[in-house]
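Consider the single chain below, provided in structure tokens and representing the form predicted alone.
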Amino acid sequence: MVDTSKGIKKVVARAVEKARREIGGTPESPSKGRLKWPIQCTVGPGLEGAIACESQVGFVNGSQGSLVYRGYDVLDLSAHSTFEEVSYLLIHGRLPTKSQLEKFERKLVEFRHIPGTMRVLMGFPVEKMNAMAAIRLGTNMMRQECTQLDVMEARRDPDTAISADEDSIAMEVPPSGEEHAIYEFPKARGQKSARSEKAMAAAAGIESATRLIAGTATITAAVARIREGRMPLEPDPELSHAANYLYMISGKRPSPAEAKIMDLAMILHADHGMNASTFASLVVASTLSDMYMSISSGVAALNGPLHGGANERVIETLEEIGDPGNVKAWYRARKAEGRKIPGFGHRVYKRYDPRARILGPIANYLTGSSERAKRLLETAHELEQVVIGDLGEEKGIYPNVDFYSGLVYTCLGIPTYLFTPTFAVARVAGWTARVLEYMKNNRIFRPRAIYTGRLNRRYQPLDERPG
């Protein structure tokens, strides 16, 4: 692999041009301005299809195959931006000026240094823990180091809250929307003005978001090294966020090409609509918990195999197939068993995942230096052709981001167990951005369940119950 990022930029530019031709037009949104609450929608099990809130952070158009961050097409951001700039865009709502970006980058460099968290984390048996569990523990330790939220005096008094829980509202009647948040704390005499309080809270929230974006990368890299019997490394202030992450894992400075590829992967994973981990973060935030607890909940949700880990299974699948010549027979057997193909299909996309449009060519670029990676990629290409030929037009099943991200991570030297944690390192930007947005007009989440159990059952004393 040539030690330059110029080749990567050319690969991305060609991928974007090809995607533009195939997608056609610009990303479109079905909404026309602000919603008028309450609204009607069709809801399936697990809240599928439910509309819980409005957002300007990001948008996925599954039928078109496009992804947008704050109005910017992710294809354009991949071609021209950096993860630092995209993180600023997500949490602030606008692209930074040169001075704003430099200030933000300095903050990230400063906040990557979390010695208290590292000291406490190393006191736990991290090498025996699930990596995601260790990262969730680390974010909680960051909360203790970076805030005063764990002291009793910092806890908000529920007696001063207005409508502390919507259980005070009869939930047996159809719910109605409220124009403004009803979970608020009234201003006490002698306190700062409401505008001043709001500005301070917003600044504190953005600082917490920035600390989490920076610190989660440090924690994840430390977990990787501890699990392999090595000491964590101090962050290198001279490196970008992506390059520093690779450095803290491996102990060697990545090439410009490797750093750019990691940066691209982070951009593509930074946000993706109201997915399970994002929703988990918002639910916790809506109770007026704090940013650290909320993001810890996102990490916990991502740990579940139905949300995170698909790229690990893609690598296992490609290894199982073994060779491009085995693909057709393997696929026929798999389909006959009614089993899913890892890395294909998506709950949202009915066309080619735009993130895979970028990562596929990047995987092509990377795999030339490794025989194992080359064999895996050739098998992946054959599998893609077979699956699309059979299910693409008819079922709308195409490769998703996980189909190629595992190959990219493998070529960058990231171990398989670190694939999902690396996803989290990037997604913290989206999680925090959406929490910051939701809290501006917070309403505690309180969906209902339809009771389908029995009624009027007579209580039997213990000695009268049949054996």
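Quick note: we count residues from 1 along the sequence shown, nothing fancier. This is a predicted model, so every value here is computed, not measured.
The next section is about a form of this same protein that is not shown, the form predicted in complex with acetyl coenzyme *A (ACO).
- Proximity to acetyl coenzyme *A (ACO) in the predicted complex, defined as a heavy atom within 4.5 Å, singles out one entry of Arg106, Lys340, Arg119, His80, which is Lys340.
- When acetyl coenzyme *A (ACO) is considered in the predicted complex, only one residue from Val68, Leu436, Val401, Cys411 comes within 4.5 Å through any heavy atom, namely Val401.
- Heavy atoms within 4.5 Å of acetyl coenzyme *A (ACO) in the predicted complex map, among the stretches 212 to 220, 387 to 395, 283 to 291, 87 to 95, onto 387 to 395 alone.
- When acetyl coenzyme *A (ACO) is considered in the predicted complex, His307 lines it closely, a heavy atom lying within 4.5 Å.
- Put simply, Phe344 is close to acetyl coenzyme *A (ACO) in the predicted complex: some heavy atom of it is within 4.5 Å.
- Acetyl coenzyme *A (ACO) in the predicted complex is approached by Phe423, whose closest heavy atom lies within 4.5 angstroms of it.
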